[in-house]
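To begin, one chain is listed below as structure tokens, in the form predicted on its own.
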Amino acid sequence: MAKKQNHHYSYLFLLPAGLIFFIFFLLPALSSFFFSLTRWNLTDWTFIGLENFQMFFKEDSLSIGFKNTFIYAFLTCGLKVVFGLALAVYLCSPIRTRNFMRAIVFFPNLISTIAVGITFNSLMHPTRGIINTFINTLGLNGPDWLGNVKIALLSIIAVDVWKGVGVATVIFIAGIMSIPEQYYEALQIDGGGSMDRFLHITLPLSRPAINSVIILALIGGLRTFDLVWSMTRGGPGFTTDLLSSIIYKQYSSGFFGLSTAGNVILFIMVSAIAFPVYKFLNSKEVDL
């Protein structure tokens, strides 16, 4: 009897965390699912079933939004893994200024994403931007980075990678620093070189860090909104529209039920991609 009472007593310690989770996470999520089935104007609602979902899939720019979202998510994810790992390997080498350079690499992540978007919007201006001014001094003509439909999305992706590679680098550095030094010493005794250190020790044993970066970057890329909106607002035309920017346009037009249905679809899409990738990556991890 006393053991049962102690068992119930321990659950009371979970109550504060459970309440916070319910109020700030579970309740908003359930409310979103409910309002996605309604015609909603913030003060009144009418239940309309799946009509919002049918209307959302008839959106003209939806196919462009899906395509751009996938391109954006997978390109930013891949580039952050490659550049982050390369920087981490370099910054773990015995260089004198590595602590200072680590701070430099991480610095862009401390800046607000909106501020980064506005700043690069100015830097990438076709006639007055510093980037094209520098290119012109070399005798070349700089492109319209954000106005050319062929490179506008790639320009935003480059800015996203510049801003986010610092976090990836920090995660990789933590992963590399956790590798026991004895492995490298054994390889050195066997005559292994720098490339052997990377291919046979650093890369396979950094797998948990690589998996973390892939999952975080992929989910962040699928949900991203603020950088794209602050740089192009989805333009020119719909060429840089993502799923999240389409949803925001519906919110700003007053279609709250419709845009909430879009958010539900985005949530399902992110979950459907992230969970299988997470499960697959975890199955390939090795123990140190």
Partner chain sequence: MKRNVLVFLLVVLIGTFAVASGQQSSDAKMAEEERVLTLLVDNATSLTGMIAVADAFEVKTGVKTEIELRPGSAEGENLLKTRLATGEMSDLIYFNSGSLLPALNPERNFIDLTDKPYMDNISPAYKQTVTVNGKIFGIPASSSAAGGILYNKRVYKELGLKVPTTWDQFMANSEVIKQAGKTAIIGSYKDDWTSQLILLSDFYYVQQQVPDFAERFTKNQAKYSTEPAALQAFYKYEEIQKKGYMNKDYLATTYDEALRMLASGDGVQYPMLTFAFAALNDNYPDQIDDIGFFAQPDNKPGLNGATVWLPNSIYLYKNGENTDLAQEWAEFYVSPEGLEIYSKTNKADGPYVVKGVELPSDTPKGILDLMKYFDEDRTAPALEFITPVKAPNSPQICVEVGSGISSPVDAAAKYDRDTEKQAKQLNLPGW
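Numbering follows the first chain given and starts at 1. Since the structure is predicted, the reported quantities are computational estimates derived from the model, not experimental observations.
This protein has a second form, the form predicted together with its partner chain, left out of what is shown; the following refers to that one.
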Exercise. Just one of F255, F53, F35, F70 has a heavy atom within 4.5 angstroms of its partner chain in the model of the complex, so which one?
Worked result: F255
Exercise. Do M231 and its partner chain share at least one heavy atom pair within 4.5 Å in the model of the complex?
Worked result: yes
Exercise. Does R128 reach its partner chain in the model of the complex, with heavy atoms at most 4.5 Å apart?
Worked result: yes
Exercise. According to a 4.5 angstroms non-hydrogen atom cut-off, is R223 in contact with its partner chain in the model of the complex?
Worked result: no
For this session: Answer yes if any heavy atom of F66 is within 4.5 Å of a heavy atom of its partner chain in the model of the complex; otherwise answer no.
Result: no
Seminar exercise, completed: Within 4.5 Å of its partner chain in the model of the complex, heavy atom basis, the matching stretch of 177 to 185, 196 to 204, 119 to 127, 91 to 99 is 119 to 127
Exercise. For the stretch 137 to 157, which residues lie within 4.5 Å of its partner chain in the model of the complex by non-hydrogen atom distance?
Worked result: D144, G147, V149
